[in-house]
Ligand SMILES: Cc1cc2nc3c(=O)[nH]c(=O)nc-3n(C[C@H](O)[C@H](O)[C@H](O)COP(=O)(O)OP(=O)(O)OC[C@H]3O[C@@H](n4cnc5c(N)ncnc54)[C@H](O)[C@@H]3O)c2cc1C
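In the block that follows, a single chain appears as structure tokens, in the form predicted on its own.
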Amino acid sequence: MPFRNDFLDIIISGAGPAGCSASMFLSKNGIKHTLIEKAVFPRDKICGDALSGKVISILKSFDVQTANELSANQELFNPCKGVVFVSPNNTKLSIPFKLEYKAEDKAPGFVSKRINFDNFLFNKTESPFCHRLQNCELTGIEKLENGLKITTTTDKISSTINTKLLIAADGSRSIAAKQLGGILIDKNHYSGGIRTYYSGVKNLHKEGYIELIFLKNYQPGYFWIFPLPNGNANVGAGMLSNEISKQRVDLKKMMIDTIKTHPEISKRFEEAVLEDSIKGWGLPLGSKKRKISGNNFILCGDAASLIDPFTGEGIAPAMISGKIAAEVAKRAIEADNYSSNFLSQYDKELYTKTWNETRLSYMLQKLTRWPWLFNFVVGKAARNPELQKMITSMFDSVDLRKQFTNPMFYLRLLFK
């Protein structure tokens, strides 16, 4: 399908959660745009597959019915009601995402294979205002006086188009992030991750709690087990890239060794069947502020390096950035202003909404470098119901989360 000239003022590159969110909210505002994607849906994406309550909130702000569709299809979206933290000394702390659940309450989160969730989102971009092109990859960018010249490639055939605004949501290897934003890999703010799928893992949580298992040799990082629909599990590991390099870690080998030899974990995998190969990807972390817009462009999702440095959550930040990008794009069209100065309101609004939490997550990531401290906090919380309630509340309150970065918090723990 060829490009349409009447849809070219705004081009979105990449139809993952960031790009689809931008498209959905542009269409909701009646704004014509083109969405290009190098793959053809349904397509897979290497990920932990967890969808937090923030994802559901973004979907609700688009359309409540869209959010409700996840709860209605548990064959693809496994309800998740909490998280289990496992400290290096194997102390377990189970934290619900909500203090009290009623039988009729919908789960605040889900775990779903990205091949299913991304396809779900892509289907939601279908609109008279969105011209979608699959198998169309952005392969080059040239700055013009009043816009950008975009080179795209389809079936090895290249073509060029001009646009007033590029919303780049094309992942951690984004050409726009490198060429326009000057964003390069910084191993101090980048993680390596690997993921595979298993069936038959024992003792998956009956209410879909995800498990973050903090082992000494993964710090800062963790091993995870996330329950999927139909009794399957997403199993993986992530670790800060500079530590991988410094310690010469083979993350794949380390994960396999964990599954085979860890005293507790190996028992759970005795009858498990590997259902996929172990695949790796890079995680550009949001642990430092970057300039993520400029003349005629906005960076979203992994292209903007927005992944939570402690939890590794990337889908929610991506969708938040896509929504804000659509809002700023609407203003740019109304003002006919696509300058760096005008579009910088995107940076300001995104960081105003997310930076406090991201900064705190970065501090928590640093704290995991000291396993004894993590053991201490998890051990205290496991024995203290009031502290457990406080941690549950912290999932909704950044102000409460600040306590974890206050030295007095740990002193008070000593006397609880």
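These figures come from a predicted structure and were not determined experimentally. Start at 1 and count along the sequence shown; that's the residue number.
Although it is not shown, the form predicted together with the ligand is what the next lines describe.
Between the ligand and the residues L148, L180, L138, I265, the one pair within 4.5 Å by heavy atoms in the model of the complex involves L138. Only one of the listed residues (V378, I56, A39, I31) places a non-hydrogen atom within 4.5 angstroms of the ligand in the model of the complex, and that residue is A39. Only one segment in the set 23 to 31, 352 to 360, 46 to 54, 62 to 70 has any non-hydrogen atom within 4.5 angstroms of the ligand in the model of the complex, and it is 46 to 54. Using a 4.5 angstroms limit between non-hydrogen atoms, R114 touches the ligand in the model of the complex. Mapping the unseen interface onto this chain, G286 falls outside it, with no heavy atom inside 4.5 Å of the ligand in the model of the complex. The closest heavy atom approach of E243 to the ligand in the model of the complex falls outside 4.5 Å.
Although the partner is absent here, G208 is not a contact residue: none of its heavy atoms lies within 4.5 angstroms of the ligand in the model of the complex. If you check the ligand in the model of the complex, you find a heavy atom from every one of F226, G312 and I315 within 4.5 Å. Residues W281, G282, L283 are the ones in 253 to 289 with at least one heavy atom within 4.5 Å of the ligand in the model of the complex, listed in sequence order.
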